[in-house]
Structure formats: structure tokens, C-alpha cells
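One chain comes next, on its own, written as C-alpha cells: the form predicted on its own.
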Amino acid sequence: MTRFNHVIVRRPGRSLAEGITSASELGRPIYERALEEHRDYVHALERCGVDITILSALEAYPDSCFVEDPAVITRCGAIITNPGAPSRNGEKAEIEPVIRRFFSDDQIARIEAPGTLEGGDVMMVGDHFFVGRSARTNEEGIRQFLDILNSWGLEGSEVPLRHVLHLKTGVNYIEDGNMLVSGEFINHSAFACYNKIVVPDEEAYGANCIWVNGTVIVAKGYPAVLRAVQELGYETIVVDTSEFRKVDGGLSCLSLRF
């Protein structure tokens, strides 16, 4: 089973209110509340026994607190992605020096244009990586990603997306063969061999949970998800991410865990 020793997070900036959103009806994020939620998120991770690197806010990149997207980290090395959202593409240059604190040159690979890939489309299940083909991650990006994995003795497979922004918007692996699924992923053949915990439509956002060293962090306000995870025997920590939801962000987006 995976064990995480390190986590990288980035504080949100005041520019978070200008982040990309598909949910304008929720309103703009309130910076002070977002900072409080981020502090609570970091405290939850600390309780899971990881060493945390906290990066300063990048006001030039409103979405840059979502550090999961410009890099993917495996047990063999790190892949600097090529984000498909133009306003986020520059984040890859900001995350690479941080990645270099933990990995040598021969452990770092890159997705190159015209390939695009964002980490939110990548779900690690042991040594297999499911990667969603989305509006942000294209066929060429997936081809390069799978080639890199194969060169490291790892493997992966493509999952075309129909409705959600990123793969992990709707499906998340919480170890022990258990997978939270919602919407288009409930009956998806790629996940047929896992114990699927079906998330009701009204709690679809809550499907984005993260497993960290035996504990599952669950978003606040999704009681059916919380109950289902607890019934599987996991320790749980609840964290409010409502300000980040306003700009299409969730629990997994806010950290790189390795």
C-alpha cells in the first residue's frame, strides 16, 4: 500500500477570486475564508503524519493553489505537466524548482506541446495510473504520459470524460480496493473490479476525497459520503473547501502527495 511522506501545498492568493470557474452561481471566493480553509486543510494533513512544504501565493496565477495540476508524482519520479488551460500553463515553471528539491534530473520528465495534461486528470491506483481525456488533457498528452510511465516500469490507461472537468472530479481511489464514484463513472467498465462506493448526485462534489496514510479527508457538507467512508472503517477528517469549490477546486487539487 502507498505511504506518503511529503506533501506540497501553495497558499491561495487574493487573485483566487479571478480563478477559472464553471460555477459562477456560487459567487466569488472570499479570500479570508479561503485562507482559513487552507490552514485547516494543512492541519488535517499534518495529522496524517506527513512533512509539508508550504509555498507562497502566486498572485499572477489565480488558480495556482491547485498544485496537483502542474505536476504528477509517482514512486519512480515526477512528471511536469503542460496544463491545458492557457491561464494556468505558466504554473509548470513555478512548480518545477520545488519538485527539484525532492527529485534528481533523471527522475523528472515533462509533457511537451502539443500535448496537454493536468494532474487532476490522473488517478494513481498502485502502479497503475488512470488518466482522463478531458478539455484540459488531450490525446497527445496522454500518449506522452503513458510512454513516460512505461519507461519507469509503471502503466496507465485512458478514460474518456463526457461531463466532468477532471477525472478526479468524479472518481477517487481511497486504497484497499475502494473507489468513490459518481455520475458517469458509476457504471464505467474501467472501474468494474473495484469496490465502488456510489456517491448520490446531490453529493457529487463530495466524491473528491483524499486518502493519506490510512485517513480519508472528506469535504464538509456531504454526510452520505462521510458515512460511507466511515462504514468502510477509515479514520476521517472533515475539511471545509466551499471557497475553493467556487473556482472548481476540491481536496485533491490542493496538494501534491508523495
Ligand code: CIR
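Quantities reported herein were computed from a predicted structural model and do not represent experimental measurements. Start at 1 and count along the sequence shown; that's the residue number.
Omitted from view is the form predicted together with citrulline (CIR), to which the following refers.
- Listed stretches are 217-225, 52-60, 66-74, 39-47; the contact stretch with citrulline (CIR) in the predicted complex is 66-74, by a heavy atom cutoff of 4.5 Å.
- In the predicted complex, citrulline (CIR) stays beyond 4.5 Å of every heavy atom belonging to P12.
- Mapping the unseen interface onto this chain, V159 falls outside it, with no heavy atom inside 4.5 Å of citrulline (CIR) in the predicted complex.
- Although the partner is absent here, I20 is a contact residue: one of its heavy atoms lies within 4.5 angstroms of citrulline (CIR) in the predicted complex.
- Contact between C253 and citrulline (CIR) in the predicted complex is found at the 4.5 Å heavy atom cutoff.
- Shown here without citrulline (CIR), the chain has V247, D248, G249, C253 in 219-258 lying with a heavy atom within 4.5 Å of that partner in the predicted complex.
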